[in-house]
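Only one chain is given next, in structure tokens, and it is the form predicted on its own.
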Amino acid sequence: MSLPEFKLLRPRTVREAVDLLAQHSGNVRVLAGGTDLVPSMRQKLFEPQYVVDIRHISVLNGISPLRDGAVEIGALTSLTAIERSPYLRQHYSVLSEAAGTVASPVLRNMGTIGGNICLDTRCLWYNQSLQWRKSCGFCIKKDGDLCHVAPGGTKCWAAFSGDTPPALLCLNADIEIVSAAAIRRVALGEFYTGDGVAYRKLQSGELVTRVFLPAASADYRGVYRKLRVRGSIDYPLAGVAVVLKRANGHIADARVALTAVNPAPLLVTGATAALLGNVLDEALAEAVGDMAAKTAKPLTTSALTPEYRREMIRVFTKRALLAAAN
């Protein structure tokens, strides 16, 4: 599968990048690591007239601890750098662990944290060649009006499959979004819509530039568990991130988040309240696992059955909580 024809633009500053995005709005895509965009363009899922290559904007690369104890991460920081950062491993371990599970070492060298946050949603009926999709009559996410996963439905259920966003949700991360007109900072949880097509609140002229980890989320025990067919390369088919902090043997704070089983990464509602102030044992971990399984809404968007993926969310949540506690 060959790439469609396009014009490559290479800005050197954030301002140049957002000006180009505004100028070519509707016909442009952003290239950071390219590990998701380039294969999608080969499949003719995207056929932009312009591609803005932001890899040479040096201010968007790096991990910077701030004076107040928070951390700023540039959107172009590689997943390898996040995985190997001694500072993140010590203070925000769940993020380093999640980054280390993405794809393979070569792809982690290329892939970026910003790209992982903005990753397109995936589905068996969508991530295929143009010929394959045409033979099926296309789908509601691209070129058609039929959902093959939920026939008769009007919503796209393509799953969000990024590994780092559930970890970032557990850490109460914010992101910075820049356009030619303004700079805004939003909580990561408010960035996703829960719809497989318009899955993120990012306009065509906007660029994700930074990730902020608050000082209040530092030094939590963190664990990430991921289900995939192969031990490397594959996207998650179910993923669970857990963070917790204990005081005097009791849980002082905790959060649980899921990926790959909904059109958006989600915090498990009720998990924090159920864990707060308690001593974690197998029964409590299993109860929170039940909450996580009820939050998961996997459909037939991957090679494994929805029932199996939901059950693995339950199992992974229990195991991750016990591992974090121990």
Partner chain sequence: MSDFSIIGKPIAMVDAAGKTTGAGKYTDDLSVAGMLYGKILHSPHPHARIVRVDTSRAAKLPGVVAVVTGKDAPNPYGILPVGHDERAMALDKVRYVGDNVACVAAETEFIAEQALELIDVEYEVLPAYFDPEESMKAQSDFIHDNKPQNIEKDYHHVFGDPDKAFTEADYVAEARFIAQEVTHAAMEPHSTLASFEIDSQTGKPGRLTVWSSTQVPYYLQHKLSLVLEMPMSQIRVIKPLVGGGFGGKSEVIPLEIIAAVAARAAQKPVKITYTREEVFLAHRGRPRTIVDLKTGVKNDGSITAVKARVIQDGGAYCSYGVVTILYSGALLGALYDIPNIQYDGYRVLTNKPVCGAMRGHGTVNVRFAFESQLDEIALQLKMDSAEIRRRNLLKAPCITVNGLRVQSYGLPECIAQVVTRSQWNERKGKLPKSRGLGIACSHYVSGAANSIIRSDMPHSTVNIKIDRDGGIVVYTGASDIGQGSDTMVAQIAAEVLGCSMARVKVIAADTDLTPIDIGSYSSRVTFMNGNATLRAAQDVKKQIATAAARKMDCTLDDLIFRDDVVVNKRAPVAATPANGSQPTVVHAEASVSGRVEGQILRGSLQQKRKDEGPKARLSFEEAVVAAIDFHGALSGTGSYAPPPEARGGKHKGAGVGPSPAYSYSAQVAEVSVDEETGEVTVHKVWASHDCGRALNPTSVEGQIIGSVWMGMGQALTEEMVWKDGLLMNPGLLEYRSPSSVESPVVEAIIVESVDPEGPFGAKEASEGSLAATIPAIANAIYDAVGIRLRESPFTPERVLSALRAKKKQKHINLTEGVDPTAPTTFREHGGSLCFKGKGPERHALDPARREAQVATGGAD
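Just so it is clear, the structure is predicted and the values come from calculations on it, not from any experiment. Numbering follows the first chain given and starts at 1.
As for the form predicted in complex with the partner chain, it is not shown, yet the points below apply to it.
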> Just one of 109, 203, 129, 193 has a heavy atom within 4.5 angstroms of the partner chain in the predicted bound form, so which one?
Replying inline: 129
>> Between 187, 136, 216, 181, only one gets a heavy atom within 4.5 angstroms of the partner chain in the predicted bound form; which residue is that?
In response: 136
>> Taking any heavy atom pair closer than or equal to 4.5 Å as contact, tell me whether residue 323 reaches the partner chain in the predicted bound form.
In response: no
> Would residue 207 count as a contact of the partner chain in the predicted bound form, using a 4.5 angstroms cut-off between non-hydrogen atoms?
Replying inline: no
>> Does any part of residue 312 reach within 4.5 Å of the partner chain in the predicted bound form? Heavy atoms only, please.
In response: yes
> Does residue 90 reach the partner chain in the predicted bound form, with heavy atoms at most 4.5 Å apart?
Replying inline: no
> Only one of 233-241, 168-176, 252-260, 78-86 gets a heavy atom within 4.5 Å of the partner chain in the predicted bound form; which is it?
Replying inline: 233-241
> Looking at the partner chain in the predicted bound form, which residues in 95-127 have at least one heavy atom within 4.5 Å of it?
Replying inline: 122, 124, 125
